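Only one chain is included here, represented as structure tokens and corresponding to the form predicted alone.
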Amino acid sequence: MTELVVWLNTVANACAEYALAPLAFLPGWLSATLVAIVTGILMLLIFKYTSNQVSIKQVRNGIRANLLALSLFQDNISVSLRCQARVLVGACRLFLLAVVPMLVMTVPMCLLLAQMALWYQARPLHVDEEAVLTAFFADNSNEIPEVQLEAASGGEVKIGPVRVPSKHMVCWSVWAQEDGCHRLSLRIGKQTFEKEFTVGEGFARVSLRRPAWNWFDVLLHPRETPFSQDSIVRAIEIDYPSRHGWASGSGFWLIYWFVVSMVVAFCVRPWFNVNI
């Protein structure tokens, strides 16, 4: 499963390299809105061509007919109960008819959201800002080995290593020195483990964590190659600052994307003749 997710991330990273590149030059609210609009239209088209549109239309017509019967024969209890039961059955059928297109959309939407999170979930460090880098070691290791962090030209190690044996982790305080995408090197004996380190203004892809060999961790953090199963280092993460904004902030971008994409899909539905 993890190997499959790694392969999917490789494809998603290659596509997002060009498709999402304009996000670096646009205001946050504008880029988040444009991505949501395009996503809403794409989801609508996927739904159209992976669902049984004829059956959905028939079920919706049946629901409308029964709702009309409810208003016309509201004084007839037996007719009202039958109509209500048919409406409920129709709603269940609509749900079942939507299962297949929703399953088809699950994988591409998860990959897209993971790529968007690289842009909106956190911001790069500014020059002279500080962040905490944490290296997590395998739980089966008897003790934490001697480890040294070597900062690239874009950063400087100020504090550390601070060892926490009970949690199998070591922490450093790293200061940003120069704009750009740099590499931090973790040395254990003759082995070297790297982590991406991003410094700059505006929008740029930020990898919060180089993941462990776990499919869910790899799915959430697609930017960097995961550590192998037998690696003594399980994961490395950097505590980047949160991004602020009502449309592209760390705590709001996902809600904004979902709301705007759904509104767009329902608004353009008549133009594409899609039954939902």
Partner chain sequence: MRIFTMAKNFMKHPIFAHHILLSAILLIVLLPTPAWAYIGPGAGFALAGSFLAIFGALLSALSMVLFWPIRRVVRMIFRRRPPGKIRFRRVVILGLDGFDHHLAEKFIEEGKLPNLAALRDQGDFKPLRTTLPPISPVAWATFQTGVNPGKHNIFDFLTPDERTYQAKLSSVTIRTVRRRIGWGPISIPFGTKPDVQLLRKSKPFWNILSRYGVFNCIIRVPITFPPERLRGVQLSAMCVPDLRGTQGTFSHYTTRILNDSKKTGGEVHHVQRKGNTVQCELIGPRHPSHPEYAPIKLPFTVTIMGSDQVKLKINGTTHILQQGLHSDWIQVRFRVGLSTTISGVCRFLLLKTDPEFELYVTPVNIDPEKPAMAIGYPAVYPVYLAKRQGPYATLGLAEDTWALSEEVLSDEHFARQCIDIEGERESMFFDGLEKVPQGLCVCVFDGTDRMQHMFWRYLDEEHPARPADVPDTYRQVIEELYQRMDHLVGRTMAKCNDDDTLLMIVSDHGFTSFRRGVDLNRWLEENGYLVVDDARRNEEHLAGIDWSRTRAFAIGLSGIFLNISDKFEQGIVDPGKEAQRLRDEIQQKLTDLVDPGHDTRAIKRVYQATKTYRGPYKNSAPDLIVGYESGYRVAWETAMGRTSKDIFHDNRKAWSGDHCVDPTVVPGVLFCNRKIETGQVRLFDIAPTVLDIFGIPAPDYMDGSAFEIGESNDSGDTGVCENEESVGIESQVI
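All of these numbers come straight from a predicted model, not from anything done at the bench. Residue numbers count along the first chain shown, from 1. In this text, the rigid core denotes the largest set of C-alpha atoms whose superposition between the two forms falls within 1.5 Å.
The form predicted in complex with the partner chain is left out here; the points below concern that form.
Looking at residue 266, you'd find a heavy atom of it within 4.5 angstroms of the partner chain in the predicted complex. By the criterion of a heavy atom within 4.5 Å, residue 106 is counted among the residues contacting the partner chain in the predicted complex. Though the partner is left out of this view, residue 250 does reach within 4.5 Å of the partner chain in the predicted complex, counting heavy atoms only. Heavy atoms of residue 73 reach within 4.5 Å of the partner chain in the predicted complex, making it an interface residue. With the partner omitted here, the residue from 144, 138, 181, 87 that has a non-hydrogen atom within 4.5 angstroms of the partner chain in the predicted complex is 87. Between the partner chain and the residues 170, 83, 151, 125, the one pair within 4.5 Å by heavy atoms in the predicted complex involves 83.
Of all the residues from 56-78, those having a non-hydrogen atom no more than 4.5 Å from the partner chain in the predicted complex are 60, 61, 62, 63, 64, 65, 68, 69, 70, 72, 73, 74, 75, 76, 77. After superposition on the rigid core, the Cα of residue 171 moves by less than 2 Å between this form and the one not shown. After superposition on the rigid core, the Cα atom of residue 199 is displaced by less than 2 Å between this form and the one not shown. The rigid-core alignment places the CA of residue 85 2 Å or more apart between this form and the one not shown.
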